[in-house]
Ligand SMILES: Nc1nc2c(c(=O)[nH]1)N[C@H]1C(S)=C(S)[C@@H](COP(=O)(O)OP(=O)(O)OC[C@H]3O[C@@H](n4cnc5c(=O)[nH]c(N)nc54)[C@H](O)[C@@H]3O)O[C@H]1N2
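A single chain, nothing else alongside it, follows as structure tokens in the form predicted alone.
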């Protein structure tokens, strides 16, 4: 059978590779071997042919003249953008000779891989790198920059990231988007909610900013940053005091209700209103609507879990559906992520598993400290699928670390990113459309096979290809380091220990492109959960043993000091983290960057609409244009999108954010930031 790559013209199935919950089915249009159009696949049961502008304009990114075509070697100072082209043979030889010397003199832990989800293909993102760096004996990276705190909190209540099947939410009668700008970040959940609304559902958005989702909702509830757990506890107080709970469900499926009922006495509506700035009458109205709906659904967003108390927020709000018994109704419950249903398992192969290595673990949120303070020091970095000099917190410290003359850095990417400019060697990467890989969603229940659609751009290579080259040059002989992508995928799905992959074969995936996992193959939900008790844990002994309150609790965020404004760096519509922020077509679509500020906060500082302003704290500053609006609450300023470091600009917002870790999971605390603003 002729491969998709060999067919110069036609329409071919594909899947979006972005770190987005929707994982859209795509159709790729080709003419003369090049992509001319990207559209949604109308046959996909969840995404149903709708895609965002980011992906619709993907071809302009794939064929951007700035895309890398050959390996590069730095010829000038770090950060100077001075490189010369070299061959792959030269690049691999230089990298491996340097690594061999470091391992001989300082051990494998002197080398650190730094990666995340720039490409969500499971082979290239997870399997290949884990195998290679385990064999190398490198330091391990704790990949916690995105969802770690929230998922940890949810698991303390539910045991795993098992939530409502999004396809069932068309039956919901009351939907809360809690800290979730779904219009920008989960558009197909909006489409499903719109169907529910046509059937009578009411939609509420709770956030610090009336963003696109807040404007689309039937009711927007503004809330003080970092106080979301208090609001959920206030709802619990009313539910319990007014006997609006489902006692049969609580008795059968939960533990700790009596302890919780005593605990929430102190979270009376008046106290909660003072903490959250949500009026008492709105708290009562929200709670009554939630309790009386049949059923209600909560879409738990990423926003609040990026606070110091983010894990406890998610742990707290995930208790609400159990109080009212909405889990037993189709379309009821909550959804933080569904990743534990669909994540393929990539155990270390037998020829590597015998090489037991427990090397040091470095949290990716604290890469600045790791590069400037850690002993013994990190002496080499290998960066792929990530752009830490835009996305990591405390960027000034990160930049200081990357600028070290004694740090040997390799970056594998599609573009000469801000991080790549500090590299000693830069390697050109393929896009997902040039690879064979497996894609899963952390929202819906479909898995996808991406078959290569287009030829390699220039002399680019995929992650797994480079790891095979590096393994060979290092002199490694373990066969698993040289396995082909198809073999890794086949083993992951056909020999998986996960019950949800039962019956799925590689042949089916090749024929159908995507398949829905059967969640009914697993334990009864919610009757048998992977918590210690097997039930929904309103009281968690496991949480207490980890040093946290066993019951849902509100703790104020940690950032103190003299800076008067909360600062939130949220998502925008045209970028995904730093992806697309360097592409002219996407920059033009998004405009900006803006600092969104309340009129009273602007007036106090003599700031007018469209003025250039400096946003600053002890960590650094950035310069943005003021956008004055009452859609943001007073005392909070925010930006949308991670804008790239364009010449003549100072718009890297993560110069301001802290590298403190959240309460659970080692997560990031981007949103627990305080700043001040002045007219430039």
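Positions refer to the first chain, counted from 1. What you are looking at is a predicted structure, and each value in this text was computed from that prediction instead of being measured.
Note that the form predicted together with the named molecule isn't included here; everything after this is about it.
Worksheet entry | Contact test, all of 165, 529 and 541, partner the named molecule in the model of the complex, heavy atom 4.5 Å | Heavy-atom distance to the named molecule in the model of the complex: none of the three under 4.5 Å.
Practice prompt. Using heavy atoms only and a 4.5 Å cut-off, determine which of 203, 323, 410, 145 is in contact with the named molecule in the model of the complex.
Written response: Contact check passes for 145.
Worksheet item: Tell me, which of 552, 118, 71, 311 has a heavy atom within 4.5 angstroms of the named molecule in the model of the complex?
Response: Answer to the contact question: 118.
Practice prompt. Determine whether any heavy atom of residue 571 comes within 4.5 Å of a heavy atom of the named molecule in the model of the complex, and answer yes or no.
Written response: Contact check for residue 571: yes, within 4.5 Å of the named molecule in the model of the complex.
Practice prompt. Answer with yes or no whether residue 318 is in contact with the named molecule in the model of the complex, where contact means some heavy atom within 4.5 Å.
Written response: Taking the distances in the model of the complex, the answer for residue 318 is no, it never comes within 4.5 Å of the named molecule.
Discussion item. With the partner left out here, check for me: in the model of the complex, does some heavy atom of residue 61 sit within 4.5 Å of the named molecule?
Written reply: So residue 61 counts as contacting the named molecule.
Discussion item. Taking the named molecule as it sits in the model of the complex, is residue 131 in contact with it (heavy atom to heavy atom, 4.5 Å or less)?
Written reply: No, no contact at 4.5 Å.
Practice prompt. Spot the stretch among 380 to 388, 496 to 504, 82 to 90, 327 to 335 with residues whose non-hydrogen atoms come within 4.5 Å of the named molecule in the model of the complex.
Written response: That would be 380 to 388.
Discussion item. With the partner left out here, which residues of 637 to 658 have a non-hydrogen atom within 4.5 Å of the named molecule in the model of the complex?
Written reply: Sequence-ordered list: 642, 653, 654, 657.
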